[in-house]
Every structure is written in C-alpha cells, then in structure tokens.
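First, one chain by itself: the form predicted on its own, in structure tokens.
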C-alpha cells in the first residue's frame, strides 16, 4: 500500500466499519463470501460510490457484457460521467480483442479473449488506467466481479500471480482494487493462497436472515461483524 500524505479513500458508504473510512491508495481487497451473499453486488456498490465522488471506475467483467457492467454502475449513480468509466470484457466469446471501443453511453471498453486470458485482461486494465489519466482522472477504483470464474478457467497459481501483479499496478496508480470471490466454490488452501495477494479481506456472511460484513488485514485485528445495509 502507498503510505504518506496521499488522500485516502472512504469506503464506509458500502462497508459500514470504521477502518473503511480511511483506506490507503493502492490497497487491494478480496471480497469473499458464500453464494447469494452479494460479493459482486458489493463490488459494484463500492465502484458506484466512487463514481459518485467523481473517481474513475475500471470494472473487469467475466459474466455480464461490458454495457451491462457499465449500466450496473450508472444505474446506481445516474449522474456519473461515463467518460470516467472503463469496462474490461473478459467473457469467453465476449467479442474481438484489440483497441478500445465505446458503449452507446460513452464508456470505454477493452476486451480479452476469455477469463483465462490474464495477459489480455492485464493489458485492458493498463489501457484503462491510461485512458482515464488522459481524461484527467487521478483517483479511482478497480473492481473485478468474479475471481471464481477465472479460477474455473485457470489454476490458482496463475490467478495468484495475476492478482499479485495487479496489486502492484494498483499501488503505482494509487487506485483501490476490489476483487469478488465465491468462498464456497474453492477449498481452504486455494483461498489461503489467494489471500496472500491482497492487502485485506472483506468477509460476508448471512446470519439470522441478514447479511453481515467485517474487514480484516488493513489493521492488526479484524473488525467486528456488523450488519450490511440491504
């Protein structure tokens, strides 16, 4: 993580814990939870909260189309400037790779061959950072909607290396990274290996019919479990 006087990020609108009010630039967070706990929704909520503050948005989608991924953010924040949003379409068969294109709304789209095309995804992300910098964006958030999909197409060592390299890239540009994973889809060893690539872990759980969240890693001890707003 970047230390010093750089302005921190406030993620407390989506993460109602005290430590989320002051997240260092360059921090990467793994958002982990069981099916239906809303890990992907939380990633999009946190991206939208950043867009509401005028921050740049890079969303890497392995399921929805690029226009749908952009709309997931802009539906939450209709006033968001689409020129400050980049989508990296990493679906299998998501379209031609190569130079960027634009959605009808004006967001920029880059494409990779498949969820396993980590080189192509990385190039798209880097191009996205450069594109946003050209538009005057100095702060932003990156969200990857499903590491589980990437793991279904590749092995954990390759995904770990990708996440580790991307975490370093986030440090260099000063963005916050948010990476969703379905904890129930993977064994404990896989989860423990992947966690090492991140600065902190946001855990989601359901208890008595309500969702709860806690944040660990960015402070010496995890926060308490607190209710997550629906």
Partner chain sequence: MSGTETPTVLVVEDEADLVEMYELWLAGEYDIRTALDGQTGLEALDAEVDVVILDRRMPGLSGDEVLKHIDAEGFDCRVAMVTAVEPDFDILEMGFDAYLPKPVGQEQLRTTVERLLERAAYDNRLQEYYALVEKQATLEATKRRVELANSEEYDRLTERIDHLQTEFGRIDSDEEFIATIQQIESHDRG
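Source: prediction; values computed, not measured. Residue numbers count along the first chain shown, from 1.
Not pictured, yet referred to below: the form predicted together with the partner chain.
- In short, of 158-166, 201-209, 178-186, 43-51 it is 158-166 that has heavy atoms within 4.5 Å of the partner chain in the predicted bound form.
- Heavy atoms of every residue among 116, 192 and 196 are located within 4.5 Å of the partner chain in the predicted bound form.
- With the partner removed from view, the residue among 104, 75, 138, 130 that has a non-hydrogen atom within 4.5 Å of the partner chain in the predicted bound form turns out to be 130.
- The partner chain is not drawn, but in the predicted bound form it has a heavy atom within 4.5 Å of residue 122.
- Contacts between stretch 41-64 and the partner chain, counted in the predicted bound form as any heavy atom lying within 4.5 Å, involve no residue at all.
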